[in-house]
Ligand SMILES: Nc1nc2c(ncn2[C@@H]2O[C@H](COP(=O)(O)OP(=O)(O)O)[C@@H](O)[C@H]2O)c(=O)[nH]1
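In the form predicted alone, a lone chain appears below as structure tokens.
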């Protein structure tokens, strides 16, 4: 089954997006497959509200490993099934903890075979501190690799925050040639455009 991988720095809203996008597509309960950086696999069934409460946090690296669940995407010509893969957040440089380094390597391995790569960038932070401080080298590298692939798009997240409109302009200036979709993972705005994009590439 084709995969849609979510990638980005820590705390950009990947998990919130994954859960709320599932809600937007009409999913009421998630059957999630968890894969730890050590390769251990287990499954859990969670309601959307429980998933938001348990799987999201302001603490960096709350997601350590892969979190996968299947989606049935409705369209004008029937439905398409695919897997959303939520991943560990990336950081600049080499992380001091080996387990986190394994989790980030696991994230990058998923990107190689993904049909769709959705790269989340925090537009709210970009608006506050600027592209160089908020984005960093890791995002430039992801964009450089993604730009060579079909199915790569940047999601400028947190458009509900003050300064995000300015941040979106900076992202567009600094990532020319890439498709950039402004969204709010929290408020589920921009999701129609994301749905249409995923449909075209799955």
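Positions refer to the first chain, counted from 1. Please read all numbers here as calculations on a predicted model, not as lab measurements.
Separately, the form predicted together with the named molecule exists; it is not shown, and the next lines address it.
- With the partner left out here, the named molecule still marks one of 169-177, 155-163, 27-35, 142-150 in the predicted bound form; by a 4.5 Å heavy atom cut-off that stretch is 155-163.
- Shown alone here, residue 181 lies farther than 4.5 Å from the named molecule in the predicted bound form, counting heavy atoms only.
- Residue 16 belongs to the set of residues with a heavy atom inside 4.5 Å of the named molecule in the predicted bound form.
- Proximity of residue 70 to the named molecule in the predicted bound form: non-hydrogen atoms within 4.5 Å are absent; the residue sits far from the partner.
- Among heavy atoms of residue 58, some come within 4.5 Å of the named molecule in the predicted bound form.
- Taken together, the three residues 10, 63 and 185 all lie with some non-hydrogen atom within 4.5 angstroms of the named molecule in the predicted bound form.
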